[in-house]
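Given as structure tokens, the chain that follows is alone and in the form predicted alone.
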């Protein structure tokens, strides 16, 4: 079987519409491409049933979850296959890590099925919203430690935040199916992030430079997925940081604070850009 599969060769049929981050941010149908400020909606910009665009935003977010689970399945499976078993040095990974990646692929396959059924339940068709392929791109590194940092810690960490938000949305909306399914998948995501945290520290135990490089890559991915501050501690951020679940997944308080600060800065940058655009348009 082919190794180190590039993102351009992902198997997709005609229903899928792939996009990059820049196009995703400009997609007015995106749950994170929110154009109106929190002030125009009230005290909070969180995804709640009383938001005027709640239905569209929730369906867009669920579609994003579904295609993200497809890529997470592909990424975990590739990591289990791409690297030879060894002591973790160079381009090898411990055999036990291969087993964990295989277990994660099994979980992700289940998540794809659950998310596809939830999307159908919410009235969304596959391909109705675009697919951002950044998750799989983070799983294409030649260094397995970078994959652990970028996918298991950064992107699966984001999944913890998103699933927590969707679980709360289902609870507030009185939708027991959505609430139960998101809670079920959330438990798996905490496990996936914890595996990434544990293995990253174990594999780089005697290689501080490699660990620093991996954590730097994680911050790059986290920055990409700050969505202009759409994920953070502020009420202006539609998706909140699930601090308790991140702690259970192996994040330190300092690491979560760093993510929160990064998201805050991204939010301020986005607000400043909006103000400049409004001034240029004479609004």
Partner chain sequence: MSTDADTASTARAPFAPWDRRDLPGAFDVAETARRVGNYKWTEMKLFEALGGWVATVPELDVKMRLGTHCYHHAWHAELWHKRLPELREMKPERLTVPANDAMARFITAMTEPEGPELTIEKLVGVYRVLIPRFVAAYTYHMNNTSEITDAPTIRTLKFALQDEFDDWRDGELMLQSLITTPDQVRRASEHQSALEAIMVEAGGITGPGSIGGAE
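No experiment lies behind these values; they were computed from the predicted model shown. Residue numbers count along the first chain shown, from 1.
Form predicted together with the partner chain: not shown, discussed below.
Stretch-level contact analysis of 198 to 206, 137 to 145, 93 to 101, 177 to 185 against the partner chain in the predicted bound form, using heavy atoms and a 4.5 Å limit, identifies 93 to 101. Heavy atoms of every residue among 5, 11 and 74 are located within 4.5 Å of the partner chain in the predicted bound form.
Contact between residue 126 and the partner chain in the predicted bound form is found at the 4.5 Å heavy atom cutoff. For the chain shown alone, residue 213 is not a contact residue for the partner chain in the predicted bound form, no non-hydrogen atom being within 4.5 angstroms. Although the partner is absent here, residue 81 is a contact residue: one of its heavy atoms lies within 4.5 angstroms of the partner chain in the predicted bound form.
Remark: residue 122 does not count among the residues lining the partner chain in the predicted bound form, judged by a heavy atom distance of 4.5 Å or less. Along 98 to 115, a non-hydrogen atom within 4.5 Å of the partner chain in the predicted bound form is carried by 98, 99, 102, 103, 105, 106, 109, 112, 113, in order along the sequence.
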